Each structure stands twice: as structure tokens, then as C-alpha cells.
Ligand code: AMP
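To begin, one chain is listed below as C-alpha cells, in the form predicted alone.
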């Protein structure tokens, strides 16, 4: 296979997202099982919330025109009780959330009134209409658009849906991802002492956790030895999933068989991205199943996952929020020589002088996973640019890249 030219990150993302032909199937789930699922259809309000005017305070429901008067209490209204109409020259004792009685147009807080010796309520001299009243439909009205298809449901969304009396929602089926780790040198943690040529497999638990955090079901295909036969068998086994992701085996070494075997079983249509770390990223198909090949070095695997695999997974899930949100910051470092690839430094951030500053981890090697674990953001260094200390840059907060 001839070596393809490096694709820019923007080109690679465009190619990835343009190749998402369909999401997974819809299913209906109970609301208490919908957290983190992706909404499959727009959701509109069925009813007004609140369904009637109600009190925002414990106090007295009144007519605002009767301010300054001393009036008897005509009724007591607790939340969940249906009120009677409020007669003239009277107030109603009312509690937070209780329906406002017909005839009342305001609520006076209990601490703003006085009670005379006869138990009558002395109202303040000024009462504005609508004081401390939550009006019908203040939250939403029947027909309002509440949540859009493609939204990953959050706890607050479940509360909003429940306020409409909805107990089940239509969501996209969970994406199944076959995950394989290539490398004859890899050993699983807990498998015993390492010999001189072996290392523990750190990519598998990291990538599996990233996928699970995105709401995927992970099918672990384990460690795959560096032979074409073992690679072919694993890829064929993974092709029944919605997506196959591998780590390692997509570079140019003699033991890197993944790219060639994927091309044999399907196609490779994207390889080698102009980013650092993470150049040997690959995308293709195993049969008709999408395939993403991440580099084997742990920091490279992490960076390419959050920058490239994550938005692709989002799109397959039916999510609309595929982009990464960048924040402005200042460089607590310098880049004296321009690079040909866009670099993503693992950095920690701090606020100083009202601005966000980014300090790189001391070792930025692609094999140093501590650079990711010790950091809270990726700082973007554009290709073909130098930076001086204090220059304006953009950062990608890690917590936003793992959701």
C-alpha cells in the first residue's frame, strides 16, 4: 500500500462525519433507565407546567388593591388542595406550591404581614400585582419544544420529561463497539510478573472506559498477537458489532498488520493525520462495519480517541453535539520552532489575573500516559506557528472531551 499524504485534522473530521450513513435502531426505555441515552425524536410539551397559577412563598393570597387593610383569613390552602374563590375583603393562608385561589392576584410573604389581636392579617401598604405568583405555563406551555433529537439525556432532562407525565422515551439503541489491543508484547494486569520483553496493557482499560462513558456497550476482543492470521480472526469476530476500534498495528512497522488486514477485508479510506501525537490514525471498514485504528502509544491513543473517535461515535449514536468546545487561554510556554503538524500538549490550567493559563506536563512523549492523567486540558499549537510565552492559544478541557 502506498503511503497516503497526511490529512489535516479538519479534513479528517469532515471525512469521518460524512461517512456516517445511519445511526442505530430506536427503542423505547423507561424514564428511570434513560440517563445517558440519546434521544431519538424531538420532545414537545404535552401540558402547561405549572398547570395553574400557584404561590412561590408561604404567606397570604390577596387582592393587591386591598393593600394596607386588616382582613380576615377566609381559607387555608396547602399544596395539593383545590382552593375556593377568594371573597372580597379577605385573604387566604397559602403555602408554597399551592394553587392561587380565583380572585387573588398576589401573594404576600408571611414575614411581611402582622396579625392583630383578633387574628386579622394586616397587609403592607404596597402590594404589586403578581408578587410571588408562579403563573400557569411559566416553565413551559403545551406544544413547546423541550428537547431535541440527538441530545444525550442528563438528570435535569429526566426531571423535565417527568414533569410532562411521560414515563417512557424513544432513544437510539446503545452502540456496540468491538475493542481489540494489538501487540505480542502486551499482558493484562493481574496476569503475573512481566518478562523482559512485555508490558501491561494500559490502552484496553482506558479505551473501554472512554467508550462506556460515552454510553457504548464494549465487546472486548482482548489482546491480538502481531500476526496477520490473529489480526484477521479478531477483526472478523468484531465485524458483527456496530463499530470496531483497535489500538496499535496501524503504523509502518513490519509487525503492524492491522491496516493491511482491514484493507484486505474491506477498505482503508483515511490514514495518517497531521497531528502530534497521533499521526498513524486510520479509518476504514471491515466488511460493512466501520473501523477506527488508533495508535498504540497510550497518549496518542487517548488524544486520537477524544479528537477523532469520540465525534465519530457521537454521530453513530445519533448525537448532534459532535464538536469540541475550545476555551481561550494564555501559553505558559514557548514554541520557538514551527511544526508541520497541529500539536496537542497535555497541560494543567490555572486562573491568574482573570485569565486562564496553560502549563504543559514536563514530558510530552506519546508513550507517557502520566502526561494525560496529570493534566486537565489539551493545548492546541497550530501547525506552522511559533508561540511566545503569554501568547493567546486555545485549550480543550478534558472533561468536555470525555462525554
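Everything numeric here is computed off the predicted structure, so don't read it as measured data. Positions refer to the first chain, counted from 1.
Omitted from view is the form predicted together with adenosine monophosphate (AMP), to which the following refers.
Site annotation in the model of the complex: the residue of 199, 79, 128, 327 reaching within 4.5 Å of adenosine monophosphate (AMP) with a heavy atom is 199. Note on contacts: among 318, 296, 290, 278, the single residue with a heavy atom within 4.5 Å of adenosine monophosphate (AMP) in the model of the complex is 296. Residue contact check for residue 231: none of its heavy atoms lie within 4.5 Å of adenosine monophosphate (AMP) in the model of the complex. Proximity of residue 251 to adenosine monophosphate (AMP) in the model of the complex falls within the 4.5 Å heavy atom cutoff. Although the partner is absent here, residue 256 lies within 4.5 Å of adenosine monophosphate (AMP) in the model of the complex, judged by heavy atoms.
Although the partner is absent here, residue 186 lies within 4.5 Å of adenosine monophosphate (AMP) in the model of the complex, judged by heavy atoms. Comparing 176-184, 304-312, 86-94, 67-75 against adenosine monophosphate (AMP) in the model of the complex, the single stretch with non-hydrogen atoms within 4.5 angstroms of it is 176-184. Of all the residues from 364-403, none has a non-hydrogen atom no more than 4.5 Å from adenosine monophosphate (AMP) in the model of the complex.
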